[in-house]
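Below, in structure tokens: the form predicted alone, a single chain.
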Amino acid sequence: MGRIASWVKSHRPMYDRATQHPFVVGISDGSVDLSAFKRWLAQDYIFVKEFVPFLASVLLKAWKHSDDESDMEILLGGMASLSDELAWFRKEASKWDVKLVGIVPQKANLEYCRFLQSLMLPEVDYAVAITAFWAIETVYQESFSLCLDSSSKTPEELMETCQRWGSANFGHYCRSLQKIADRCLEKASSDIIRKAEEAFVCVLEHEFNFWNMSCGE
């Protein structure tokens, strides 16, 4: 068992509440309040715009500190997809009549974005940053994959959203990130390992709060 898998196991209650939140379960069983979906759409658009410089900082750390050139290729693939992702948000917002101009980020969103900014500091180790990046992507992959299960009752108009993050291809990408994180953690000091685990737990907490915010809580 790699370091990442052991953390998922040891923090299973927090992991489950982040990846099986009532917001996503509601999409899966068809009971989701569409006003909550629209709120999530607008707030996540803000978050993704903040996510771009964060990923750029992870790329820079990989360029400086990675001992495997394939890391850059994998991360560049993620960076390339963000342009398409922002375009998708704008298209969905138009479809749902959600205004993206002048959106006020809510408290949970602001706190999550501040956390991203803290990870962008030069003194943050690559192993810590890549662990957080893996966790952010994986929470979405596991969450939205629930909505693609054969027994789900996901509304047709929300299927494209679920396929974007819940697909097998995105799952493969997340596993590639996990391998990078595990490799980096194998060589990391005990202090870096501790900070990486703390970052993982922080992501789970922020994701849970973000889902709560989307539900209007």
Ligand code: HMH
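Throughout, we count residues from 1 along the sequence that is shown. Since the model is a prediction, treat every value here as computed from it, not as a measurement.
In what follows, reference is made to the form predicted in complex with this ligand, a form of this protein that is not presented.
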Although this ligand is absent from this view, report whether Tyr126 comes within 4.5 Å of it in the predicted bound form, heavy atoms only. no
Is there a heavy atom of Glu137 no more than 4.5 Å from a heavy atom of this ligand in the predicted bound form? yes
Contact label in the predicted bound form: Trp7 to this ligand, heavy atom within 4.5 Å: no
Would you classify Val48 as touching this ligand in the predicted bound form, given a 4.5 Å non-hydrogen atom cut-off? yes
So this ligand isn't shown here. In the predicted bound form, which residue out of Asp29, Asp68, Asp33, Asp44 has a non-hydrogen atom within 4.5 Å of it? Asp44
Kindly indicate whether Glu85, Tyr112 and Glu207 are, all three, within 4.5 angstroms of this ligand in the predicted bound form, using heavy atoms. yes
